[in-house]
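In structure tokens, the next block holds one chain alone, the form predicted on its own.
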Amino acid sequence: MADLTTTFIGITSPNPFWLASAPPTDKEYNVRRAFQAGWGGVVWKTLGAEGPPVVNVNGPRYGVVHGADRRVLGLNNIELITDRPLEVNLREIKSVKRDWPDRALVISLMVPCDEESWRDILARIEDTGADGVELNFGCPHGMAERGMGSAVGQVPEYIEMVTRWVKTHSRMPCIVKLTPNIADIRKPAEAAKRGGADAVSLINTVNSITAVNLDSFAPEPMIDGKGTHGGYCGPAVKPIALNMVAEIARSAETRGLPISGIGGITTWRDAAEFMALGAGNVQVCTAAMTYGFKVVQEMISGLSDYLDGKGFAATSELVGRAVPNVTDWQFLNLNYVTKAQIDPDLCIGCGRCHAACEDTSHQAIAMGPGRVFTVKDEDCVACNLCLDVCPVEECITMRELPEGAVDPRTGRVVAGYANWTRHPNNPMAREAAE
């Protein structure tokens, strides 16, 4: 069986599944239950410096976007960092780490942007036995208005400066947590690397308003008739997170920088996708808040079965395998041609493919007598919209035209490369050849 033991920036855990810094990791009781359920590690909910108290709202803290079946697709929160006393958190962290030495325990930190504040809190956490620190440069609400969180994460110079302070005043491995609320995720990652960060984690939550109450005319969650923007997470943000992870993994300036992947991870498959794009481990929050801590058991068994099926002995063999196949649009192979095809035995005659193609695409699906649907190759541009809207799995597939065939739509001879990773126009291939 594949070994799920993962070593990430020198921190070893029995599996790559960590709980992200969030409500599920706010206290000893929760973290112990998480470890009992099988989580490989946790990032303790963000601690702050002693000073002005952190006071959370005493009303709704979460907004939600539901799918048609009431499945949670996205979760918005307006909760701040921990409002529990620093000494209580430190005492509990020390107790948990003592009893669970084989699990990863990292402390998330957020303090004012001055060196003395960072030096002070780092000195206070050194004897907890924690394995590392994660710098929270991502939260987009509440703390950002105080000059912390994403207010720091959106300024690469601040990221570099604070990271350097942390590496100067602490022996602990340092992960920098990045905000997605920025135009180019590579810039803060580069700044973290310059500052000496051992790794980056991403993405933190996306700035958002999930809903408006159309009776009270205020954003939700609503507190005494008012609402505010919050941080959005859950399955809906996974595509954003995957892209940002890939950008850092394939950038020449940050290639090789360890990545902890975060953003909508609900299943083992989600985790495997993040790891294939360069993440050394993954952090989870919304799935645990939706289904409870035992959801990790399905992730563990699923990832183990997948690795076994691929013949991989360890998670390290999966990490980064998809990165060479991520490229820019200009380097895509325009000689590669496919056409949609409909399996008449699986088709249920619903007509969704025809409606979508006829109204919004290229009028490439014909409807014959008896609601029999066929693809017109001469009009099909292979956009695969029909496949995406079809309710029957594998009813519609994309058929690759072989090299030398004539594309009936354009009349051009197909002259594709079977393996695009070796295409001379692919910059990754050129670099490997050199």
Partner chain sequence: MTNSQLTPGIVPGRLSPESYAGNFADIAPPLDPHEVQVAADRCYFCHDAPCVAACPTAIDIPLFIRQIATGTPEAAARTIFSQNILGGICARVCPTETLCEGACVREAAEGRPVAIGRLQRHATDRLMARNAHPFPRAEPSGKRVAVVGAGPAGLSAAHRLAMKGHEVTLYDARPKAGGLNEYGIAAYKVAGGFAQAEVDWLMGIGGIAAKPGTMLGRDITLDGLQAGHDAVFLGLGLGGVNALRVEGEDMAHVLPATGFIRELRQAADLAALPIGRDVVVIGGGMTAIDAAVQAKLLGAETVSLVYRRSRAAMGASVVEQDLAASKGVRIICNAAPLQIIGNGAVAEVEFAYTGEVAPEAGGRPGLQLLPQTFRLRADQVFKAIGQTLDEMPKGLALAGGKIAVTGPGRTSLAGVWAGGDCAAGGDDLTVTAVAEGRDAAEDIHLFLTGSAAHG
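Keep in mind the model is a prediction, meaning the values are calculated, not measured. Positions refer to the first chain, counted from 1.
What follows is about the form predicted together with the partner chain, which we do not show.
Exercise. In the predicted complex, which of the stretches 378-386, 403-411, 30-38, 363-371 has residues with heavy atoms within 4.5 Å of the partner chain?
Worked result: Within 4.5 Å of the partner lies stretch 363-371.
Problem set entry | Gly225, Gly256, Gly349, Pro344 - the one with a heavy atom within 4.5 Å of the partner chain in the predicted complex | Residue within 4.5 Å of the partner: Gly349.
For this session: Identify, from the list Lys238, Arg186, His354, Lys97, the residue with a heavy atom within 4.5 Å of the partner chain in the predicted complex.
Result: It is His354.
Exercise. Looking in the predicted complex, any heavy atom of Ala68 within 4.5 Å of the partner chain?
Worked result: Yes - in the predicted complex, heavy atoms of Ala68 and the partner chain come within 4.5 Å of each other.
Exercise. Is the gap between Pro53 and the partner chain in the predicted complex 4.5 Å or less for some heavy atom pair?
Worked result: No, no contact at 4.5 Å.
For this session: Report yes if any heavy atom of Gly59 sits within 4.5 Å of a heavy atom of the partner chain in the predicted complex; otherwise report no.
Result: Because no heavy atom of Gly59 falls inside 4.5 Å of the partner chain in the predicted complex, the answer is no.
Problem set entry | Those residues of 380-413 which, in the predicted complex, come within 4.5 Å of the partner chain by heavy atom | Only a single residue, Pro391, comes within 4.5 Å of the partner.
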